[in-house]
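Form predicted alone, single chain, as structure tokens, below.
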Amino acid sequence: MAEVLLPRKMEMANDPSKFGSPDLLHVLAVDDSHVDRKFIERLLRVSSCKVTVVDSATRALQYLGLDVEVKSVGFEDLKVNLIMTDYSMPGMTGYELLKKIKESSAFREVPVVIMSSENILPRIDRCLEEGAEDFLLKPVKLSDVKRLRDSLMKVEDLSFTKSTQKRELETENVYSFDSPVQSQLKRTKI
């Protein structure tokens, strides 16, 4: 029965009306294990997220346009809401990727979640101190992904609400009788 329900959930995950925008939550998932990449990709899609998967920290940096040697095409318009990365990967670890992302001005504010099958407290503490949003133990559960998504949705809603309120306030100030613009308009009337 679960097999019958999963495709329906997958269809709902691709329904842009679910959250109002087809690219509202875009997650970059980084893992060197093909099985783990497919698993996290499925969990994210079932949770109504747009997903991009890459197999290394170096490829993640290239995708984000942070690799000095090879840049992604058109990364200026790239909107990533969350980066989920494995900790232990050959070449560059998830911790090193986290540090590079937090050093970048373009992606510093993007939450980074580290995933690992090893429950090593000093490693977890080091990642959280460096700015990781969370540290998840593998196998990642659907409840973990939903909790992250809900948390991101609140942040996105809050950010949208604040920007809307700011625009409304600016509009009110422009049309207020006490504003310098309105005073100038009064003086120029014949």
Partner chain sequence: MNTIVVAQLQRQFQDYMVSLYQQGYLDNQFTELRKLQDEGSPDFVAEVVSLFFDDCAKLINDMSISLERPDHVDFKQVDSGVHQLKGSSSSVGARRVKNVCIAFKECCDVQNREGCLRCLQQVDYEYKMLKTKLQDLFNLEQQILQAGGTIPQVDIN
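Values in this document were obtained by computation on a predicted structure and should not be read as measured data. Numbering follows the first chain given and starts at 1.
Heads up, the form predicted together with the partner chain isn't pictured, but that's what we're talking about next.
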Select from the listed residues L43, L136, V51, L66 the one whose heavy atoms reach within 4.5 Å of the partner chain in the predicted complex.
L43
Exactly one stretch in 124-132, 28-36, 56-64, 147-155 has heavy atoms within 4.5 Å of the partner chain in the predicted complex; which is it?
28-36
According to a 4.5 angstroms non-hydrogen atom cut-off, is S88 in contact with the partner chain in the predicted complex?
yes
Taking the partner chain as it sits in the predicted complex, is S117 near enough to touch it, meaning that at least one heavy atom pair lies within 4.5 angstroms?
yes
